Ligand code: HSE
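One chain comes next, on its own, written out as structure tokens in the form predicted alone.
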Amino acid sequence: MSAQSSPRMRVSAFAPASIGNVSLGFDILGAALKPIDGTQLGDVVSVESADEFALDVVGRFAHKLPGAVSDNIVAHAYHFFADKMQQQGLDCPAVKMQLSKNLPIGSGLGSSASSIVAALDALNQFFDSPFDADSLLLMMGELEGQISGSIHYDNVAPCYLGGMTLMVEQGDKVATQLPVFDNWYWVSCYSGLSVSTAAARNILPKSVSMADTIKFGRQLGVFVDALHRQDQALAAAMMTDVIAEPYRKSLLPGFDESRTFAMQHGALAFGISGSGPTVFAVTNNLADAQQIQQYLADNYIQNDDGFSHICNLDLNGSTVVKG
């Protein structure tokens, strides 16, 4: 069998940045971000027909990626997708791909997940959707696991599905979308430094106390219930990290001072985005969000690579444009 696509068709997919863990949900909770000023915070991958595989890399953080095409995550995504197609008895002709790398690597914003989601979603659409959404999400998690060393969906799931997602991982069901608060602003600030996921995991203890385990479970259960009942105060009160933040914050210069300022100026919660160094503050007041964003831009950002945005949650997730 063969998968068909229009000879001159071009498919582009945008995949948003994401917050892994969301403080209280280590590896099992994630949220997609959308700056309120219209900034495209996420990677874009395009696919078109070609005689042989090719990949171009552009964008603000393109220079941070490996120089060899064979080492690029999008090239890995194409070959991974082609293998999955062949396992289904389908041909996967060569394509030309372009990655617009708008997210910094090692930022805690789901940079690798964004590239993977955009690449696999674009390829799937280009070849007339041989995989359904559940299968594609499983593939996204598998590919990220090959790169990061372990499979976890707290970035790829919200990046692909949008909104806030809770990992289910039962059978073919990977994640479920949770209710959200429409009036919450998520101030996200990347310091410009790089923290590898491996380093951020190595700093964690190998075991968790019974007391912290019970608190983790209670917080997550109460948080999900509060979302469904739209109890903002209770949901925000649960957004503290007893698993990773006490250890990882040592990798983030200015973290304690930034949290103190945010919590004293209207933040409902403050935490580390994924493995860091990006931090986020949640508030239900735009003026407070603007004040916190300005403080973080002035005091938390360490170099010219850093940036700060006031965001809502991106409810659409990965979006595809054909033509």
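Here the structure is a predicted model, which is why all the values come from computation and not from measurement. All residue numbers refer to positions in the sequence shown, first residue = 1.
Just so you know, the form predicted together with L-homoserine (HSE) exists too; it's not on screen, but the next bit is about it.
- Message: Between Ser275, Ser258, Gln293, Ser46, only one gets a heavy atom within 4.5 angstroms of L-homoserine (HSE) in the predicted bound form; which residue is that?
- Response: By the 4.5 Å criterion, the partner-contacting residue is Ser275.
- Which of these residues, His152, Lys101, Lys84, Lys249, gets a heavy atom within 4.5 Å of L-homoserine (HSE) in the predicted bound form? None of the others qualify; the residue that does is His152.
- Can you pick the stretch from 37-45, 23-31, 263-271, 51-59 whose heavy atoms fall within 4.5 Å of L-homoserine (HSE) in the predicted bound form? Stretch 23-31 is the one.
- Query: Is His76 close enough to touch L-homoserine (HSE) in the predicted bound form, meaning at least one heavy atom pair within 4.5 Å?
  - Reply: Answer no; every heavy atom of His76 is more than 4.5 Å from L-homoserine (HSE) in the predicted bound form.
- Query: Does Thr197 make contact with L-homoserine (HSE) in the predicted bound form, using a 4.5 Å heavy atom cut-off?
  - Reply: Yes, Thr197 sits close enough to L-homoserine (HSE) in the predicted bound form that at least one of its heavy atoms falls within 4.5 Å.
- Query: Does Lys215 make contact with L-homoserine (HSE) in the predicted bound form, using a 4.5 Å heavy atom cut-off?
  - Reply: Judged by the heavy-atom cut-off of 4.5 Å, Lys215 is well away from L-homoserine (HSE) in the predicted bound form.
- Message: I'd like to know if Arg201 sits close to L-homoserine (HSE) in the predicted bound form, meaning any non-hydrogen atom pair within 4.5 angstroms.
- Response: Close contact exists here: in the predicted bound form, Arg201 approaches L-homoserine (HSE) to within 4.5 Å, heavy atoms only.
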